[in-house]
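The chain that follows stands alone, in the form predicted alone, written as structure tokens.
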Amino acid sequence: MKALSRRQQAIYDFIARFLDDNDYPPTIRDIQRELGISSTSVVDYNLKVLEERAMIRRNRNISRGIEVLGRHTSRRNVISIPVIGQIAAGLPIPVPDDLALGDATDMVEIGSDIVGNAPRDLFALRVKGHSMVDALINDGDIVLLHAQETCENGETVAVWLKEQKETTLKRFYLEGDRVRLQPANVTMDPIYTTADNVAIQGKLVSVVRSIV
């Protein structure tokens, strides 16, 4: 097998060093700046080589989606959160009836400092749609939620609409015997429904940005 180029070895060494120092991986721009590489596309090309050599694994849906393979690193301040499906940030779309953590087919790793005092009972969903863009939640992002069945007015939550068998991500407002699910997009109207049609599934904790 052809040896790594100096640049590829330098990228690999920087990723490993960054992981040791921070307990989370660098972004492509971190690598570009640190090593003085001309463009992110050059970084991406060399990361592909490291992937082909099975030295790293990448999740291209998140900005810090690089994992070093075959190397022991201390991950004491990193937690893995299951990505258990997709949630609408536009019109509601169907998701599985049971958001059980065991249904996860993917995981996202984040620094424990990001979620503060709520490391347990967390799950993640991929966002589809644009209704929460004014809250800086974009199509393709991953939202981290704390599994719970109650919330306060104004909080952003994953809401299960029982009759429609659909879920959506919106700001929650209880107004008498009805619920207003408010998008964070001035071009979109709220969803109104009866309180008994709504089940809170989780409250927003943080957002993992997509770089796609």
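Each residue number is its position in the shown sequence, starting from 1. Computed from a predicted structure; not experimentally measured.
Here the subject shifts to the form predicted together with the DNA, a form of this protein not shown in this document.
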(message) Check for me: heavy atom within 4.5 Å of the DNA in the predicted bound form, for each of I28, Y45 and I62, yes or no.
(response) yes
(message) Based on heavy atom distances of 4.5 Å or less, which listed stretch (152 to 160, 139 to 147, 30 to 38, 176 to 184) is in contact with the DNA in the predicted bound form?
(response) 30 to 38
(request) May I ask you to state whether S206 is within 4.5 Å of the DNA in the predicted bound form, using heavy atom distances? (result) no
(message) in the predicted bound form, does R58 come within 4.5 Å of the DNA, counting heavy atoms only?
(response) yes
(message) For the stretch 6 to 21, I need every residue with any heavy atom inside 4.5 Å of the DNA in the predicted bound form, listed N to C.
(response) R7, Q8
